[in-house]
Structures are given as C-alpha cells and as structure tokens.
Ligand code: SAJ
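Only one chain is included here, represented as structure tokens and corresponding to the form predicted on its own.
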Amino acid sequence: MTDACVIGLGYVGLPTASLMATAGLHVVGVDVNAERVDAIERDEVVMDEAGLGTLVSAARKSGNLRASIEPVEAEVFVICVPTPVTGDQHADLSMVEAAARAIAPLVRPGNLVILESTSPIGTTRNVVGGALRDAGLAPGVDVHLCYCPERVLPGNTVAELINNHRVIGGVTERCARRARDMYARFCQGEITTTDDLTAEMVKLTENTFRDVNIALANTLARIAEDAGVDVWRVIELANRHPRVNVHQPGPGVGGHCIPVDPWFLVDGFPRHAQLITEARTINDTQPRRVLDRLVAIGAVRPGDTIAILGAAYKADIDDSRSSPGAALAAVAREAGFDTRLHDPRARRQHPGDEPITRDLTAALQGAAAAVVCTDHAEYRRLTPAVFTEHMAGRVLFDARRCLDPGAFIAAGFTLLAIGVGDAAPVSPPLAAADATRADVAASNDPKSC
C-alpha cells in the first residue's frame, strides 16, 4: 500500500506531496488535470515557486513520487483542492466533496484522512466525514480525520511549508496526534493540535483579519484623497506607535485566500458578519475607484485605451487568481474602454480570464493612461521614457507606489496614487520600515496570502 495519496496538485498540493516524498514517504499525487499530471511525470513544473522545480525533481528521482489521475489505496490521504466562492458569495465545496467521495472507497480502518483546503466551519466532519460515513467508516473511530490548513506565501511556498507553524484539528485528540506525527516528518515549525472546528475557524480568522485591516487602510486612503493628505505617510507614522499595525492600501485584494475566506464566515454566520461584509465590499470596489478617479480628472473617456500593468495579484509571482489588475480590466471594459492587461510573469488561470500580454510595447501603444497594479521588479525599474515613447496620453496611476514620482512628474506626467489627495505633494513614502520594524513591514504586505 502507498504511504500517502495527495488529492490536488496545485500551489499547495504539489509541494506538499513532494516534501512528503523527500521525507521518505511513497506518495501518489492525484489531479483531474491530465496535462498537469503528464507534466509532473516529465519533471516539468510550470508554477513560478522558488525551489519547487528542484524539490519535485528530487522527489521524482528518489522514486517516492508519482502523479496520477486516479487515487490509490494509502495509509494517509491529504485533500488539497480549491474551495472557491460562487458568484453570489456562497462556499463552493463541490471539489472537496468530489475528492472525499473519490477516496472514500479506498480508505481502510486505521487510515488517516486530512483536509488542507480552506473551508467553512464544519466542512471536515460534515462533508469529508459524511463521505466516509456513507462508505461505512466512522470518523474518529474507524478512521483518523483531521483538518490542517496551509499557511503559505505564494512565491515562497516550499520554505513556508517547512518552517511555518501548523495548526492541526482532529475530530478526536487521537486523530490530531496521528496527523501531528505525519507532519513532523517534514515540518520544522511548531505544530499545535486542537479540534477540527477550531482549526477551521483559525484559518478563516487569519485571512479575515488581514482583509478587514486592508479595508481599513483603503478607507483611510479614501479619506486622505478627499482631505488632501498622503495616507502612506499617515500609516507609516501611525505604525510607529507600538500597538498599531495598519496594513497598506491598494487597488484591490487578490489571491486564493484573502478575497475568498471571509465569505465563508459571512455565508455561515450572516447575522454576526456585517463588519466582514463591509470590508469585502470596500476591497472589491477598489478597482472601480481607480477607474473613477481617472475619469474624474478627464484622463480617459469611453473608447480610450487604458494600459494595465500587472495581472498577478502580488509582486514577482505568476498567480493571477482574483487579481486587482484583471478586475480593473473587466470593469473598464464594461464601461466602454479598451483595455490591455500586461504582465511579464502571470498566466491566465482559466480560459475565461482576462487575456494577458507579455509585450509591454503593445500594451502601452496609443494608451491614454496607464495603471500599475502590481509592483513586479520589472515594473519598479521602468523609466518615464518607456511610457512616453509609446503612450498617447501622459497620465499614470501608480496604484502600488512603486515608481519614482519625481522622475515622472519631471517628464510631464500627471501622476495619481491611491491615498494621495490632489493637494498633497506626491513624494516617495517613508522607508518601508526601520531595522526594528522589518518584521512588521513584512506582515503589513496586503498582497501576501
């Protein structure tokens, strides 16, 4: 029997399966995407994750990792499938249920089943546990059932899976201990055990805290714009208070976690979640606010071309899930504008996503305005000449505050920034952090997930 079967070979499942394999477990990674399975079998990794290619190659060469479209019998089953929200913001657990029902006939008494996918409270025992009960297995009695959410920063997933603390929630204490022993084979961070309901809420709380904090920053940014103040300086100075930690404003919140997870709490407990709902609304309307500010100053009108730089939801990764840049492209196109979405790294996640070009010249050609939505290293190096050579207009919205404002103003650009009022001088924000607050600066990054 195989030691472990990992269901879902995406941003979390593939590195998890590879780490388990390099720790000495015989692992079969399963995915419904046959092209992804074939690529892994050829030692090809398309995700832009530091160290992942080397890790997968090592796992494959050890003989401990293979990929398949079908699950197999194993001692340990780990479910790492997506848990999106529907168009009306309800949790879509269809992939979790499908994975649970696919493995249920293969689970034997004494096996360990782990759900890693971020899920609403009760999913482990009700959805996964329900599939096991339908197969004649009692969770906590016949089978060890646990919830163990990932806590990773895309772009650095491998290192964080190894080093970050883990919370393991078992439907019984004995289940949690069994999962703890498995994760201890490759996790160097502290592993804490609790019950499954608590662990599910812990994960949702972590990302909801960040979403609400970012909504506060975006609200302060809107106030600063009306007041003629630079909110970036306000936040820098406010965060020098020892008990204040305001995050950064931005053109929206993207990724697979922060824009999604809070809705699970709203969906399950709407009577208590008014604050969370409002935070989601604020952050989701930031792309529209960027467009409205461009229209308000007369920089663009329907029919004009807007170049949008940044399809990835945060800097220096290829992940475009729920990205603010793509959201801005969609709302601008719906308002009658021609949009060109550029990114040097990102790729479309699904066929229906906004098209992405890697040709910066083509994206800027004839554009009335440009918006920087992602602070990739490639964008931070851009000079005014790159824009003046190809654009028809001279309006630049630096939604990430990553460009040198003095250089662009000297080149004749009208420069807009989130959280900077018209009466405020557009200047670089204070240093991101001094030596004593470097850790706080890292945690303040709203683009992390």
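Don't overthink the numbering: it's just position in the shown sequence, from 1. Quantities reported herein were computed from a predicted structural model and do not represent experimental measurements.
Just so it is clear, the following notes concern the form predicted in complex with the named molecule, a form of the same protein that is not shown.
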Heavy atom within 4.5 Å of the named molecule in the predicted complex - the one residue of 161, 224, 214, 81 that qualifies: 214
Residue (of 133, 347, 151, 293) lying close to the named molecule in the predicted complex, criterion heavy atoms within 4.5 Å: 151
Partner-facing stretch of 136-144, 69-77, 205-213, 332-340, counted where any non-hydrogen atom is within 4.5 angstroms of the named molecule in the predicted complex: 205-213
The named molecule contact in the predicted complex: residue 252, any heavy atom under 4.5 Å: yes
4.5 Å heavy atom contact, residue 264 and the named molecule in the predicted complex: no
Partner proximity in the predicted complex: residue 258 to the named molecule, non-hydrogen atom cutoff 4.5 Å: yes
is_contact(residue 248, the named molecule) in the predicted complex, heavy atom dist at most 4.5 Å: yes
